[in-house]
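Quick setup: one chain, the form predicted on its own, written in structure tokens, and binding and motion questions come after.
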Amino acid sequence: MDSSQLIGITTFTYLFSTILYAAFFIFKSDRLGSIATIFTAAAFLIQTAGIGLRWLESYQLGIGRAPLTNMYESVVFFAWTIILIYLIIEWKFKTKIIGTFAVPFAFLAMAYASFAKGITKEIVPLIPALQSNWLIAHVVTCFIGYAAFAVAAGLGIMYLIKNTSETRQSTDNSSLLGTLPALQVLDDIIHKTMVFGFLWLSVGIITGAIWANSAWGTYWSWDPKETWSLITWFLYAITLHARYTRGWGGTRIAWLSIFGFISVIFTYYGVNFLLSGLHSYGSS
């Protein structure tokens, strides 16, 4: 069994987990929630093995590189970090219902990596610009930040659904939406997740600048991806600043978590395909 097969199994297992979490949300069955978490954790372990095996395969081919350097590998790693952060949040806050809104992001990422046309799954040698010791540090830190923002966006959607229901005075403990955490709890988790992601994104931008200097002789060249990374960073910086100085919370933070993640997606995916620049290799 090779890495592609393990990653394929992961895709369908995340799909099954997504269905289980949806069933848990609808039927309010603790048993279904526990089964969903078990399948999610199992898929995470299989994916971890797949990533590790792909790394080993690169050495067997005489290439020897981390599996993080093209669109296929980065999307797989993105899904892996989403699940990692979600499982930590579930363990810390003892709230399985968040999986209903977080795990689908990982499944969609894996489905794109597995089935989208034009994405190569072959292990190819690194281009000179990627042959740097800063590669792993930059990619890992950025994607931990991206994954945290994905989970925050899922939480933001939860908040808006819960808030709309309570505004209409249609939520009680026996209703479908009554199973969602309290608004104050969601607001707190959104904030903490965004802070976590912001810190990692900041480190990612710094390590990227150091990497750029070693590869191209300049820390910052206003490449499209660098520019959009900065835009995304400022969007979250302004959001967190407004929360600390003006007390922003609730629906404002929920909407900003969603808009922020849209900016993340464009920074990560849209720039590669719509704008040419030094990071265009990421589309291959």
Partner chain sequence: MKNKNPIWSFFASVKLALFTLFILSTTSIIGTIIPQKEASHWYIERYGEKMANIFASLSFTPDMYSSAWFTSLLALLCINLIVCSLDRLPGVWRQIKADNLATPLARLESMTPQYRWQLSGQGNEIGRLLAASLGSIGWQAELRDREDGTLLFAQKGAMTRLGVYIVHISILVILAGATIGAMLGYKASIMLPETTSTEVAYTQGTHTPVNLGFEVRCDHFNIEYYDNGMPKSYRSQLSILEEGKVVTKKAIVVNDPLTYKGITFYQSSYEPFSDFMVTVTNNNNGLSETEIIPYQQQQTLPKSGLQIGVISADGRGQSASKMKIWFTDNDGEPSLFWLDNGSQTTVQRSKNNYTVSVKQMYATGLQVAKDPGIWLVYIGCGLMLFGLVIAFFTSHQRIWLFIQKESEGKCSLLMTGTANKNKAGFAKTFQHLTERIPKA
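Numbering follows the first chain given and starts at 1. Since the structure is predicted, the reported quantities are computational estimates derived from the model, not experimental observations.
The protein also exists as the form predicted in complex with its partner chain; that form is not presented, and the subsequent description refers to it.
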{"property": "Listed range touching its partner chain, judged in the predicted bound form by heavy atoms within 4.5 Å, from 113-121, 147-155, 206-214, 94-102", "result": "206-214"}
{"property": "Single option in I136, I88, I127, V185 placed near its partner chain in the predicted bound form, where near means a heavy atom within 4.5 Å", "result": "I127"}
{"property": "Interface residue in the predicted bound form among I26, I231, L45, I38, criterion: non-hydrogen atom within 4.5 angstroms of its partner chain", "result": "I231"}
{"property": "H241, heavy atom within 4.5 angstroms of its partner chain in the predicted bound form", "result": "yes"}
{"property": "T218 within 4.5 Å of its partner chain in the predicted bound form, heavy atoms", "result": "yes"}
{"property": "Exercise: Q60 in contact with its partner chain in the predicted bound form, heavy atom 4.5 Å", "result": "no"}
{"property": "Its partner chain contact at Y72 in the predicted bound form, heavy atom, 4.5 Å", "result": "no"}
{"property": "Non-hydrogen atom within 4.5 Å of its partner chain in the predicted bound form for each of L108, W255 and N272", "result": "no"}
{"property": "In the predicted bound form: members of 244-269 within 4.5 Å of its partner chain, any heavy atom", "result": "Y244, T245, R246"}
